[in-house]
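Take a look at this single chain, the form predicted alone, given in structure tokens.
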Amino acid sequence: MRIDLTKFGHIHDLSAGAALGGEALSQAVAGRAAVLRAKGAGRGATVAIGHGGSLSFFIDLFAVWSCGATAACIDASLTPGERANVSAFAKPLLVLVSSDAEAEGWGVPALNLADAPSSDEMVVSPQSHLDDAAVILFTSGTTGAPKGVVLTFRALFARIALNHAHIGKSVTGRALVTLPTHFGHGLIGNALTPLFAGGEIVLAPRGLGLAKELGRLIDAERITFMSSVPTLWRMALKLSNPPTGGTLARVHVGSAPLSSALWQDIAGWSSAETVNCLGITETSNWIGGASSVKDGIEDGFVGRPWGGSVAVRLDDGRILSHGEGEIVVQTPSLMAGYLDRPDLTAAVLEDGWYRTGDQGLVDARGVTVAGRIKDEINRAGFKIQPAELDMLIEQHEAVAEACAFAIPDAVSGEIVGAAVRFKPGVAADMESVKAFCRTRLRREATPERWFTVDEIPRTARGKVSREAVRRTLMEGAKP
């Protein structure tokens, strides 16, 4: 199995002020791979990469693969205690770092390969097979029992090929990478998909600075494609002027629910085709997406699958091609399973179908996602999807963000609470929001307790943390 790096475009690292591609990239990878082989890296071994978002990360990743080993991509911001926990579970041969600070706490040797000499050795791993594990991506459990998604080379390459077929290679000619490379969204969708199409990627510093500079950066770097999460867009729409160069052709948004209002604002700001994507790490990132240009903008709509099949699973276990229920997926890009967790794997894989945990509708148009089943609010037997409430409340002209959540109740079991962040400079008129909801929601779904907040907590992946919202507000925030 061979990955020909000479056919890639350049990887531009704006923070390091460096770029590398073609033969130079191939030689840099070969030099690091030679060091890894001398350390015992080969087929069946796992090498952790404890840094990310840089040119050095990609050189390390390709070096691991060229040895025939598996890359465990781990969040560099973990504490030493979290690193030790993940490392003890993944059992890597060693961990690759880019600084002394990143070397602490792993419990296995740490190695910085940045000073490895380049080599003319062919970047090829004859020991590797398509069904070998290519990457392990951790989605939870850094302080408890880790959940590591194992993706084979076959699944990874299938996803990238399907992305090329449904997106088009030309549109990804110059991609802005805005997401962490230990995320499936950032690594596979945002970075590897353009690279394997022969495109170039631009690695940008993340955070508030990126949001402020987004429009200028798109123009300065002649970006044609980018993919990110709703959190970045909420900041960018407020802080950054739109691009004016006309190069941006396509924008993907995923990893968290996207309201129709925010979707419309992104499409207007970017002047680009804006796609609301359904993506899951367990399916090697994207399953499909709905285009603002071809499909229209609608709350929860994520369109048709990009390869494979989607269906719904009913509570009695039946699988139907159309209807309402839990969204299930069959795809050639499906994970091999969770690392050393057959119990978790068996819970989500049934007869070739992956249970997404999303409640929704599948019809002739495609998939519409209502929300996460585990977030469902059960109010005296009435089932309520909080993500649907979020999107409805955010339709109010004064609301920037909303988060609905369950509140324990002695009579109903659970009642509905809602946290609202108002737009800056707009009068915080909660009575107006309540009236807006009463005319649009059945009584059982209407929130009973309302909270005004300055910020809505999110996970590292940009998703609303309903548990954090509930915990914070129930500890004494003023309703």
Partner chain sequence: MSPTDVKAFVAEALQVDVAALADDLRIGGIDAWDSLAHMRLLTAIEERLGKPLDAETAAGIESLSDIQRVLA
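Since the model is a prediction, treat every value here as computed from it, not as a measurement. Rigid core (definition): largest C-alpha set, two forms, superposition within 1.5 Å. Numbering follows the first chain given and starts at 1.
Quick note: we don't show the form predicted together with its partner chain, though the next part is all about it.
Residues 318, 324 and 359 are none of them found to lie within 4.5 Å of its partner chain in the model of the complex, as judged by heavy atom distances. Per the 4.5 Å heavy atom criterion, its partner chain in the model of the complex is contacted by stretch 443-451, the sole one of 443-451, 42-50, 420-428, 55-63. Proximity to its partner chain in the model of the complex, defined as a heavy atom within 4.5 Å, holds among 238, 91, 365, 129 only for 238. This chain is drawn without its partner chain; in the model of the complex, the residue among 372, 379, 341, 304 with a heavy atom within 4.5 Å of it is 379. The closest heavy atom approach of residue 396 to its partner chain in the model of the complex falls outside 4.5 Å. In the model of the complex, at least one heavy atom of residue 412 sits within 4.5 Å of its partner chain. By the criterion of a heavy atom within 4.5 Å, residue 313 is excluded from the residues contacting its partner chain in the model of the complex.
Taking the partner from elsewhere, residue 346 is found to have every heavy atom lying beyond 4.5 Å of its partner chain in the model of the complex. Contacts between stretch 423-438 and its partner chain, counted in the model of the complex as any heavy atom lying within 4.5 Å, involve 438 alone.
Core-superposed comparison between the shown form and the other one: the CA of residue 446 exceeds or equals a 2 Å shift. Core-superposed comparison between the shown form and the other one: the C-alpha position of residue 52 differs by less than 2 Å. Relative to the shown form, the Cα atoms of residue 370 and residue 408 move together by 3 Å or more in the model of the complex. In the model of the complex, the CA atoms of residue 408 and residue 255 sit closer together than in the displayed form, by at least 3 angstroms.
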